[in-house]
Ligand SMILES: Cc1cc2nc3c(=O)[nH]c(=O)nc-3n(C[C@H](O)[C@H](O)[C@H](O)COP(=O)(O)OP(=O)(O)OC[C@H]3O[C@@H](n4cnc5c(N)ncnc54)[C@H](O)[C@@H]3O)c2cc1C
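Take a look at this single chain, the form predicted on its own, given in structure tokens.
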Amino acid sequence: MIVKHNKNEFEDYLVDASSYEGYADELLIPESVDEIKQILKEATAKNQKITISGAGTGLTGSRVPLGGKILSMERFNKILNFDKDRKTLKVESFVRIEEIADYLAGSGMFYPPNPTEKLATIGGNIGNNASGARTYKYGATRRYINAIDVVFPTGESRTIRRGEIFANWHKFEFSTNEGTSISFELPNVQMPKVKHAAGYYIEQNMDLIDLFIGAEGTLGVVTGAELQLLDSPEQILGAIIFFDLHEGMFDFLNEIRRENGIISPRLIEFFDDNSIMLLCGTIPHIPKNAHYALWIEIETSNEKSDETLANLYIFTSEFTTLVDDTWIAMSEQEHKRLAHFRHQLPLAVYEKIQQYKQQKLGTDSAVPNEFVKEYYEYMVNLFKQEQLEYVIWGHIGNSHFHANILTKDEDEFSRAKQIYVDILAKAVSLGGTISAEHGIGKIKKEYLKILYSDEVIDGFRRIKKAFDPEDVLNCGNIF
């Protein structure tokens, strides 16, 4: 195990992609599960705080320590086993999403979850139940985790395999490998029926593995996981479709959601008018009259690709006058062009933030599909009333928006924070969630009360205490 006491040697571990900063006494880099067990056993005995550190790509401060010791998972970076017959891949927790994609290239199989940040790790993805653009068709990380290897805060361990340990109504009772019994009751929670990543996943008679997925490292250290793979589609048709009016864009969205078989995409990504204007400075050939855009991907076959393209053209022409300006992707290079369009946007926003020298406020909220247009217009009206600069994009297929408020001074930032609360409250009032994919972490825990009562949050605390009696692991995350 590597141990570093000098802060100058581990400054990079004190922040994440949100720019949230913390502090710690030392950095621990274990190289085996036994070392992790010993670290946690000692921490519980001495009441020492331990914060798990992954790749640092999170946006909520989840891996940022607030004192104590950092436990970096960086040496757990091996792909262990590829079972073609079972279509599974066993990996350690620090294996990155891009490494999985590269490893599976040419195998005829793929791992469906695809967070925008390809440097993110499987452990971090499990911690947040990460999703991404393809969630519209395939769902989030939870659906593709067959088993996890966990070390609990007491230093004990267990492999938790899907389908083996279930709650009896609202109560769990099981044993660690070392023979210690763990039991607890689940709070009575009505989770939003939308894409959701805020607080513990709770349902009656649930599978224990689902409690750990999305728990933000508060219940144990995941050292490895078995992933479920799927057969790769033969051909993928990609398109960025430009719209002159947002009414046409929403009508298009509503129609393709009907799943009539003519157009059945696996992802639907949204860019508002301010996104288009921001990108015009760096990306050529965006149509002059474009005010909104959707990026979609459709799975097809080589035999049917021409028919799929023709159907897309006919279908799209009903909703926009800019159908002839649609960007089409069939080859790998063309698909990279469309992905660049999407990935350039957060970079452009970051440059604006740097220019203004202010914090970014960005939502991660989602609402039921029937309220997507109402929710979007609610946000836009608020921003315009307060004369605040904003950019909205996101996974509109799941009615999930990232609304970024770009403030120029402290007065604007103060007003933006209040609007931020209003936006989250509106999402919840419509049956939605305050976080659809990034989690709560340390930055957003004050907003969890918009979604859940004190009684429910206290129920979450009791669950954590069952696994972490001295409250030493990932303190400050979620609550």
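For every residue, the number given is its place in the sequence shown, counted from 1. Fair warning: this is a prediction, and the values are worked out from it, not measured in the lab.
The same protein also exists as the form predicted in complex with the named molecule; that form is not shown, yet it is the one meant from here on.
Of the heavy atoms in Gly432, none are within 4.5 Å of the named molecule in the predicted complex.
Residue contact check for Gly394: none of its heavy atoms lie within 4.5 Å of the named molecule in the predicted complex. The named molecule is not shown here, but in the predicted complex it comes within 4.5 Å of a heavy atom of Glu117. By the criterion of a heavy atom within 4.5 Å, Thr121 is counted among the residues contacting the named molecule in the predicted complex. With the partner omitted here, the stretch from 37 to 45, 51 to 59, 444 to 452, 417 to 425 that lies within 4.5 Å of the named molecule by heavy atoms in the predicted complex is 51 to 59. Note on contacts: among Val222, Val367, Ala293, Ile213, the single residue with a heavy atom within 4.5 Å of the named molecule in the predicted complex is Val222. Residue Met73 is the only one of Met73, Ile100, Ile209, Leu253 with a heavy atom lying within 4.5 Å of the named molecule in the predicted complex.
In this stretch, 8 to 32, the one residue having a heavy atom within 4.5 Å of the named molecule in the predicted complex is Ala17; the partner itself is omitted from this view.
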